[in-house]
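In structure tokens, one chain follows: the form predicted on its own.
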Amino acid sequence: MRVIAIDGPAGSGKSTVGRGLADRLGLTYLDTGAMYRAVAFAAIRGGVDPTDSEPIGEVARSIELSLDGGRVVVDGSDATIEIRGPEVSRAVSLVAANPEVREELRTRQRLWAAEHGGGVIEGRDIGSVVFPDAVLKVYLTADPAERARRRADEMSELEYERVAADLARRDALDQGRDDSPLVEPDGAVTVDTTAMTVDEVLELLVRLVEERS
């Protein structure tokens, strides 16, 4: 099974780079952050408090989730756009800090990789916890101001200052949680994307994968 693990904070370029790398290598791609967002979406839609541990864990275990072709389908409904909205974005770190949610989604991520023979998988604990033996482990990062600018461009309805504050809060929650916090995985290649183009990052990673093949 050939897994390339990409970790890093929000706005570092994980999704763009992950999709591009999968295309170049002919592999499938999995955005694990979308899985946590899907659980948050399902909880909000069901009136479940994101801080209520046991009910959130049950949401994660019972949810029907499909992430094929770029679409995120939650319990039969296309939630691709909704999971990127501000309400889900504010709740997702709370949901992701729940150990029951993390345990369930790690199981689903490993099953997905087994079914697809590996793939390019990105998130916040992929190289450190989910796939520590990945062929290549990458930690993408960027200057906080640049990460906020990128995310503000994606979410045009929100002001830069609001996005920057939300990213700082998300970083603190992701790095400070007890279960699988965001860290630079052992043996990972750290890539600062602040001043790099997407093509430059992809060329670097393709070269690294080829060196390890």
Ligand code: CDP
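Nothing here was measured: the structure is a model prediction, and the numbers come from that model. So that there is no doubt, residue numbering starts at 1 and follows the sequence shown.
As for the form predicted in complex with cytidine-5'-diphosphate, it is not shown, yet the points below apply to it.
Exercise for the section: Would you mind picking out the stretch of 183 to 191, 53 to 61, 29 to 37, 66 to 74 that comes within 4.5 angstroms of cytidine-5'-diphosphate in the predicted complex, counting non-hydrogen atoms? Expected result: Among the listed stretches, the partner-contacting one is 29 to 37.
Problem - is_contact(Lys137, cytidine-5'-diphosphate) in the predicted complex, heavy atom dist at most 4.5 Å - result: Contact with cytidine-5'-diphosphate, no.
Exercise for the section: State yes or no: in the predicted complex, is some non-hydrogen atom of Arg108 no more than 4.5 angstroms from a non-hydrogen atom of cytidine-5'-diphosphate? Expected result: The answer is no: Arg108 has no heavy atom within 4.5 Å of cytidine-5'-diphosphate.
Exercise for the section: Answer with yes or no whether Arg151 is in contact with cytidine-5'-diphosphate in the predicted complex, where contact means some heavy atom within 4.5 Å. Expected result: Arg151: contacts cytidine-5'-diphosphate in the predicted complex.
Practice task
Although cytidine-5'-diphosphate is absent from this view, report whether Gly18 comes within 4.5 Å of it in the predicted complex, heavy atoms only.
Solution key: The answer is no: Gly18 has no heavy atom within 4.5 Å of cytidine-5'-diphosphate.
Problem - Selected contact from Ala113, Val92, Ala142, Ala79, since only one has a non-hydrogen atom within 4.5 angstroms of cytidine-5'-diphosphate in the predicted complex - result: Only one listed residue qualifies here, and that residue is Val92.
Handout entry: Residues within 4.5 Å of cytidine-5'-diphosphate in the predicted complex, restricted to 124 to 149 and counted by heavy atom
Key = Stretch hits, in order: Arg124, Asp125, Ile126.
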